[in-house]
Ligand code: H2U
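Let's start with one chain on its own, the form predicted alone, as C-alpha cells.
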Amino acid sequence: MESFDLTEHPHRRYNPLNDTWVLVSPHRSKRPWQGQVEKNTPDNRPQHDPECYLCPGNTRASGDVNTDYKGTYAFTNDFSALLADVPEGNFENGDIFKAESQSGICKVICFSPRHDLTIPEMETEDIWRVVDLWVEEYKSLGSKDFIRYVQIFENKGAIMGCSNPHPHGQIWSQSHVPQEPARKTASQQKYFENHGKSMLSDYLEIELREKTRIVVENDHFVALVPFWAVWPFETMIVSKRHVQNISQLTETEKNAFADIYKKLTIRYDNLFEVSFPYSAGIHQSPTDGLPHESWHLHMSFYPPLLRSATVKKFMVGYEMLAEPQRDITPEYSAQRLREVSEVHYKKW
C-alpha cells in the first residue's frame, strides 16, 4: 500500500492556536490554475472625493467635520457596534437563554488622506505611521479600566463588507475578550506552561527551517501561509521576537512591520492583477491587567479569492455544517505568492 502523502491524499490539519481542524483535499485540484483568468475593471478613484466621509475636511453623516489631516486620522465611529455607557447587566433563563451587557469603544482609522490609495500603494514610511497609530490606540483604549480587549482590523474591498474605498481600518475595543482571542489565549497559555516557550516561537523555528510555506520575511517578521490555513490564500505575519503586543515593538521593528505589510499585500494584488480584497486583523494580548506571557503577536489575513479576480471561495454545505475544507494546499498557495513580483503594478 502506498505511503500517506500530504500533497496527494485527503487529510485534516490541526490549528493549535484555536484548537480547530480543517479538511484538505489536494486530489481535487491537481491543476487549479488552468482556465480563464478574469480581471476586474481598473479602479480610477480621485485623490480626494468630496462625497467621501473619510476624506480630509469632509462632513460625515453625523455632522462632524474631519480635520484637514495630512497623515493618519482616528475618530470614534459614528455608527459604533459598541457603546461606552452601557449599564452592566445580564439575562438568564435556565441554562439555555443567556445574555450579558457589553460596553466598548469603536474607532475608525484613516490610513492616508489620499482617497485613491491602498496599503500596497502607500510608501513604507506612511504605513509606519499607521503602525504608530495602532500602537497609540492600543495603549490608550487598553488603559481604560472597562476595556479588556482591543481588536485592530482592516476590511479591504466591497466583497468584504467595506462600505468606503478610502484606505482605512477599524478598532473595536470591549469589556470582554471575544471568542477567537479567548481560544488563542487558552491554547497559547497551555503550550507555554508545557514547553516554556511561546507556541509561535517554536512554530516559526520549523517554518524558517522548511521554507515551504513562507511568502516573504525580513529581519523582524515572517509572512507565511499557515500549515492549518482555511482560506485559499490565507496568510499570517508573525514577529520573530516573542512580544505579546504591538506596544512592545521597537522603532526598528515597527518599520519592519510596515515593510512586510506592504510586501505581502503587493503580492496579493499582483497574484490576480486586482486590488486584492481581504479581512485582516492583529491578534495580541488582552488588556485585562494580566501578564499574558504566552501571547505572541501575529496578524492574520483572510482573502476570499480562489482562482482569479472574480472566482471566489465561499463557506457552504459541508463547511457550514461540519468543518472548513480547502482543495489547494497551503504549500502551493505559498509558492504562488512567492512567485509573483513584489513591485506593485499601479494600474493593470
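Quick note: we count residues from 1 along the sequence shown, nothing fancier. All values derive from a computational prediction rather than experimental measurement.
As for the form predicted together with ligand H2U, it is not shown, yet the points below apply to it.
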* Only one of 118-126, 237-245, 165-173, 202-210 gets a heavy atom within 4.5 Å of ligand H2U in the model of the complex; which is it? -> 165-173
* Asked: Of the options 249, 108, 133, 216, which one has a non-hydrogen atom that comes within 4.5 Å of ligand H2U in the model of the complex?
  -> 108
* Structure fact -> Of 292, 312, 48, 60, the only residue with a heavy atom within 4.5 Å of ligand H2U in the model of the complex is 60
* Asked: residue 259: heavy atom within 4.5 Å of ligand H2U in the model of the complex?
  -> no
* Exercise: residue 161 in contact with ligand H2U in the model of the complex, heavy atom 4.5 Å -> yes
* Asked: Hey, in the model of the complex, does residue 79 get a heavy atom within 4.5 angstroms of ligand H2U?
  -> yes
* To do: Would you please decide whether residue 69 lies within 4.5 angstroms of ligand H2U in the model of the complex, comparing each non-hydrogen atom pair?
  => no
* Between 124-159 and ligand H2U in the model of the complex, list the residues on our side with a heavy atom within 4.5 Å. => 155
